[in-house]
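Here we start with a single chain on its own, the form predicted on its own, put down as structure tokens.
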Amino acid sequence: MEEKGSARELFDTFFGKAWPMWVGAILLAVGNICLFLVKHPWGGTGSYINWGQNIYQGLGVMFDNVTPISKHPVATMNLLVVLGAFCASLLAREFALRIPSVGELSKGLIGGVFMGIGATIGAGCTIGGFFSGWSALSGGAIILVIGFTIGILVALRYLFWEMERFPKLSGGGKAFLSGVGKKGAWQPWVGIIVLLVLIIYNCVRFRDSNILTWFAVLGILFGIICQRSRFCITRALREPFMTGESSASSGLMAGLLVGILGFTIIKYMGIGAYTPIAARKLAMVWIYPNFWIRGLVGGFIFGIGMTVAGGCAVGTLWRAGEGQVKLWLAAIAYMLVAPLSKKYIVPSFTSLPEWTQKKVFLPDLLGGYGGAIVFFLVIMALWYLFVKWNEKTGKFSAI
């Protein structure tokens, strides 16, 4: 057998097989800490809203004075997450234009609608509201996850019922341009070319803005990391109740621990804040008014949507990048509905009494940063024990 060269061995290390989700979660958490140091943490819904607003503005309806995508750091970044995932799937010969049945396409659209409504009501999605929100020590992020979980359980009940009563509704589908076999040998070469073009183009394009350059480059890297590790918060929250598998949940927890550590250091040390007012402003970064009604209702709606669609805010992006047409429709529905929900539905919630939608920074309630960190550690320890116990017993699997 011919030995592989060192370059090929290195390539196969990254693109020869999928990475464990914990590797992806930790790398994303480290990157998210970098984003916080540059400007602000990673979010998802803000980009979908901006994309949708730009579409409506281009059509001449509803929205004026919208920030162009190229000047919106998160919108630019998440667009490059899609393209980074596209490159990674080509390099791994995993890209294919996957067109499922009409039933699955419909669920992509419906799920995207629910995600657009839920994320705007809850003032956060699985990335900005949960992955970054927990790291920021947000009380609303805790409520949001409770809402996600309830929504997931309801959606799973429906999906199990659908499979029993209408098994043909979601069957079938076709795939084109698959990388399997000799016909897919072109994919890695195209992936290399596209990746180099993306890096060079965005570095030149944003050379006058260090912030946009950072967000662009990290967006490409995040897309690669997400695709290779199959990073998806829907999977991490859903699988214990579906298959009983716990590796995704454990991997997500590893990323959350790193994120909490990094964000706490930045906030506690007041990095970049030189006055008490600036330090307080820094501490309140990524603390939204979603404790408790908004977070619970929005999280519930979003949880249904991401389960039906088969991808959360970021899972939708990288799956779209690897050619899953169902997630294309989910992303389109999300971006078209989110601006409308923000404009017409959210005001009904912002008019509720203040106690139903507080900004809760947990160190304020729990005696400082130490109390907040211990609180999160206890929650994650209980979560870890539950998913491991459930994996062994199957008590709550296929609920």
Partner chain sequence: MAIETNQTVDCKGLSCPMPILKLAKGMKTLEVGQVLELLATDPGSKPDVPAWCEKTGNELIEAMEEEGVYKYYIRRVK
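Positions refer to the first chain, counted from 1. Everything numeric here is computed off the predicted structure, so don't read it as measured data.
From this point on, the text means the form predicted in complex with the partner chain, which you will not see here.
Segments offered: 275-283, 96-104, 128-136, 196-204. Contacting the partner chain in the predicted bound form at heavy atom distances within 4.5 Å is 96-104. Every residue of the trio Gly173, Arg238 and Glu245 has some heavy atom no more than 4.5 Å from the partner chain in the predicted bound form. A heavy atom within 4.5 Å of the partner chain in the predicted bound form is found for one listed residue only; from Lys326, His72, Lys267, Arg294, this is Lys326. Of the candidates Met163, Val154, Ile211, Ile271, Met163 is the one whose heavy atoms come within 4.5 Å of the partner chain in the predicted bound form; the others do not. Looking at Val180, you'd find a heavy atom of it within 4.5 angstroms of the partner chain in the predicted bound form. Gly255 falls outside the set of residues with a heavy atom inside 4.5 Å of the partner chain in the predicted bound form. Within 4.5 Å of any heavy atom of the partner chain in the predicted bound form lies no heavy atom of Ile142.
Using a 4.5 angstroms threshold between heavy atoms, Gly310 counts as touching the partner chain in the predicted bound form.
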